[in-house]
Ligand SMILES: Cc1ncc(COP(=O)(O)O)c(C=O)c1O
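One chain follows as structure tokens, the form predicted on its own.
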């Protein structure tokens, strides 16, 4: 509590040291540089009021988001992390025997939940360049298809499809089945405004855009996210919700939106760390994808479980928290950590690759 009332704080000043023996987590795609000092101050101030439900506060946040996205409040749905938004979409559209079309590999939340609901997942393999095969995905849409999932930039590959291709795909496919565009990592790029597909929502197409405060804004622990979609689809998602978002997370998100300095700084730090790690992978001769996220998907030269165990023994959690996809059994997703974490990780990785793991 000593930091309340002080000036701007650095992440190092507000982040407690990790417990002794704790592993450095480079497996969760967290923003190691956030949250912003403004968000931290808002968190402390909101704590004293967090005995209240955030009904008024979340409506104010929705108003801010609507203004930011150029839509009405009725186009916004808040969620406890984008995982909840994905689960709401699955619950709303993927009844038993319905079909979901998704790329492989991609983020697993909605595909796993589809399976739990008894829906079928139609997998469309990546292109040879590790991108979504949008023409093949469009061709896979049939009468039973009730939802199409596109993660752009993708997780775990980090690859991105150009805006024009995604727009064309949505205009072709969305009239047949709603398209969920997961744009969680899109804000990490400098060309966000030119890449986002929110104009399709404004045009009335049945598209759901997923956003999160976990990545660029560094609020993963507060589980704040939102969807931008048509009023009809927003109503369908909202009907599946079982709870509201949390009071402190809403306060942090509102402060993050008003902080004009941190997002650019955060992007630059993540990009610099990603570039440095790419240099290490090149030095080690390990193939990797051109990532647009806060992580890199790369080869390991050995089964992923073996590599994870070797890196864990050196104090680092790495990898994608999911069973490896056929053909990607020796691929690892490594998140970008702080400068100090990545320096230590590089030393550990060199040892493991040299057979000293």
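Residue numbers count along the first chain shown, from 1. Since this is a predicted model, take the numbers as computed values, not measurements.
There is also a form predicted together with the ligand; it is not shown, and the following applies to it.
*Asks:* In the predicted complex, do 93, 122 and 148 all reach within 4.5 Å of the ligand through at least one heavy atom apiece?
*Replies:* No, because 93, 122 and 148 lack any heavy atom that approaches the ligand to within 4.5 Å in the predicted complex.
*Asks:* So which stretch, 282 to 290, 138 to 146, 194 to 202, 78 to 86, is the one near the ligand in the predicted complex (non-hydrogen atoms, 4.5 Å)?
*Replies:* Going by heavy atoms within 4.5 Å, the stretch is 78 to 86.
*Asks:* Residue 250 versus the ligand, in the predicted complex: is there a non-hydrogen atom within 4.5 Å?
*Replies:* No - in the predicted complex, heavy atoms of residue 250 and the ligand never come within 4.5 Å of each other.
*Asks:* Going by a heavy atom distance of 4.5 Å, is residue 262 a contact of the ligand in the predicted complex?
*Replies:* Result no; residue 262 lies far from the ligand in the predicted complex.
*Asks:* Could you tell me if residue 179 has a non-hydrogen atom within 4.5 Å of the ligand in the predicted complex?
*Replies:* Residue-level check for residue 179: no, no contact with the ligand.
*Asks:* Just to confirm, residue 126 within 4.5 Å of the ligand in the predicted complex by heavy atoms?
*Replies:* Contact check for residue 126: no, nothing within 4.5 Å of the ligand in the predicted complex.
*Asks:* Could you tell me which one of 254, 274, 215, 132 places a heavy atom within 4.5 Å of the ligand in the predicted complex?
*Replies:* Looking at 254, 274, 215, 132 one by one, just 215 meets the 4.5 Å heavy-atom criterion.
*Asks:* Taking 4.5 Å between heavy atoms as the contact cutoff, choose which of 266, 159, 230, 225 touches the ligand in the predicted complex.
*Replies:* It is 225 that has a heavy atom within 4.5 Å of the partner.
*Asks:* If you apply a 4.5 angstroms heavy atom cut-off, which residues in 176 to 194 are near the ligand in the predicted complex?
*Replies:* Residues within 4.5 Å: 182, 184, 185.
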